[in-house]
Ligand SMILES: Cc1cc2nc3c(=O)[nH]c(=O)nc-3n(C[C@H](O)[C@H](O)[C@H](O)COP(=O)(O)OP(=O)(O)OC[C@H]3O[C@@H](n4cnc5c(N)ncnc54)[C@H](O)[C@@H]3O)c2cc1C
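Single chain ahead, by itself, as structure tokens, in the form predicted alone.
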């Protein structure tokens, strides 16, 4: 990374939205630098299997999809820098980004930081993170071969990852706070095929993760229908309670966020800061799907090109 250089575009994040955008910008010789604080490919890279990405009738692993996007973007000249953007400031003719690698300048910026796993805030969750408490079944499921597990959540990720964990665990208790699943009907029907290994507990809260001698032994919950406490013996806990946007560094800028923290844009994907656009899971109103993130990335690239060519759009209010 050249800290003295004025880049055409800097993309914050290197998930499907940013990588798709970079394929478009670099093919048009728009000098593009991507900052990624985690793994290129974002959450897609740690998704076990993607069955609904267009063009792959048999599905493909999330890692293969992420690697394909990365290689394609790099083939056209995109540069991926591992590091974190700490702040962004409008300097008029350019944006100044403070990063863990130093200050860097760009004519335009794409916000594509995506989201991170939401914490549920119960005792034991933070204390035993990565030591029995996990948020990625693909990453950590293999550590629990022939063990018992608790999975927390009732959405698509929770159901999908619980099914994946049956490859390793002898038994899984799936704790769903609500009286119904938020997951799609397709996944719920698939879940029913694994009743021999997965026991579903509806209307059940997760109150505490308990360890003895630094080893998780149980999850304490509450049966909301009776008000009684319930113990679930387990060797590990996988939590899938949704996503939160990676937008903390934007809170002291003029860039508007919604009540949850997602980036507000206009119909051109532009934020309130001129020349700063947003795409993918970090954008308010996003569908949280890999295919739509890639599509938004392509759209954002075209809008970035228009901006660089001096065709500004009205600023989002």
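All values derive from a computational prediction rather than experimental measurement. Numbering follows the first chain given and starts at 1.
What follows is about the form predicted in complex with the ligand, which we do not show.
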- Each of 85, 115 and 291 near the ligand in the predicted bound form, meaning some heavy atom within 4.5 Å? yes
- Message: Residue-level contact is defined here as any heavy atom of the residue lying within 4.5 Å of the ligand in the predicted bound form; does residue 49 satisfy this criterion?
- Response: yes
- Are any of the heavy atoms in residue 38 no more than 4.5 Å from a heavy atom of the ligand in the predicted bound form? yes
- Query: So, in the predicted bound form, is residue 161 in contact with the ligand at a 4.5 angstroms heavy atom limit?
  - Reply: yes
- Would residue 249 show up as a contact with the ligand in the predicted bound form if we use heavy atoms at 4.5 Å? yes
- Message: Going by heavy atom distances of 4.5 angstroms or less, which of 30, 255, 44, 269 would be at the interface with the ligand in the predicted bound form?
- Response: 44
- Query: Among 167-175, 115-123, 199-207, 217-225, which stretch has residues whose heavy atoms lie within 4.5 Å of the ligand in the predicted bound form?
  - Reply: 115-123
